[in-house]
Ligand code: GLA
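The chain below stands alone and is given in structure tokens; this is the form predicted alone.
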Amino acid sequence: MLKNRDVNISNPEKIEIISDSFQKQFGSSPDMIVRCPGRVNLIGEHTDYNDGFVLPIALPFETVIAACPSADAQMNLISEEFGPAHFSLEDNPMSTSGWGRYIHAMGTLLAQSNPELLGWNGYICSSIPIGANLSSSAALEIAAGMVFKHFGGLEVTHTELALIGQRVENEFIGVRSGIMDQMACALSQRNTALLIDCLTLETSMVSIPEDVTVVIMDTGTRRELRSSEYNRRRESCESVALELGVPSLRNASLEDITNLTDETLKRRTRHVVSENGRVLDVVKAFSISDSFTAGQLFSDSHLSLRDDYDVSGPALNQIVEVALGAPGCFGARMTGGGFAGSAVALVDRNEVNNFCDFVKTNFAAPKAQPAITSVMLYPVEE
């Protein structure tokens, strides 16, 4: 069954609760509270590490950190969901296990420009579903980066924080991800999608048609990118770019595919090249409020991810099929790295309740019940 969530934990009442929780744990009030949203990618999957285009939006699911500085390099953290993490910024982040490594690695990389960077005490809570392809890890990285920036007086931009967060994933977590997640969490603005050119890192805000509601459907299935085929997909793309003699598949064309002899690599390349085109075509469709064309491009993207890139999964395929048969659905697709997690749909604003009821009746969630949220976009804030 689908249900709405009370996800806006940045309202004054929730902020007071987080502040009180910090005080109970550390005996004082926090010096600052930072929040960072999760994200859902509307379209542009597996294109970011190919220097392509992506179109994510921020969500009202968010990670919040209440913090105050410590007098040394010690980090004392408590997560509502995962418990405590204690480490020193003087140690190698690989010595810290679990969720604490994300923050440890952010501190280590930021300390390269400020060796005197001090630690802090932090109380962390999040409403972002873990493993649902909604960027819980990127939100944690950016939120922690904002705390380090504030307490260390660091001259670092949000884009630079995003790049450091990507390094954390690549170098310390073992996921060879692109830049989309961190950029989306750090730079998204209210009421717009964020078009990112992952080669130049140029961004622009894209309005979503007023007759459309973006619906995120969490299938309840989970995956870890380290144990998935994610890294192998990137390796395939890099090998094709090398074979074609181009810097990345951003520079490849559909005509280039005919020069490839390996059928699997042909399909992988066809997805990336066609997906980059679909992102730009969705932006054009949004600009003239053509929700039907945008929806069809969403559905085409899912077929490409399912058949050419092989990163969908049974639950994702099922929920997309159900969504496409629901009232008011313009189009639907899996979102994120794939294999499990969430799907996204463009739905007629006047049919959202009927859409939710239909999916609730016809989708058999294997574990958890999917979440529904309309477009409510939250940028990073201190």
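Note that residue numbering begins at 1 and tracks the sequence as displayed. Predicted model, so just to flag it, every value in this text is computed and none were measured.
The form predicted in complex with alpha-D-galactopyranose exists for this protein as well; it is not shown, and the discussion that follows is about that form.
Of the candidate stretches 323 to 331, 46 to 54, 341 to 349, 61 to 69, only 46 to 54 has residues with heavy atoms within 4.5 Å of alpha-D-galactopyranose in the predicted bound form. This chain appears without its partner; in the predicted bound form, the one residue of 139, 193, 103, 180 with a heavy atom within 4.5 Å of alpha-D-galactopyranose is 180. The closest non-hydrogen atom of residue 30 lies beyond 4.5 Å of alpha-D-galactopyranose in the predicted bound form. Taking the partner from the other structure, alpha-D-galactopyranose in the predicted bound form has no heavy atom within 4.5 Å of any heavy atom of residue 151. When alpha-D-galactopyranose is considered in the predicted bound form, residue 230 lines it closely, a heavy atom lying within 4.5 Å. Contacts with alpha-D-galactopyranose in the predicted bound form, taken as any heavy atom within 4.5 Å, map within 332 to 358 to 336, 337.
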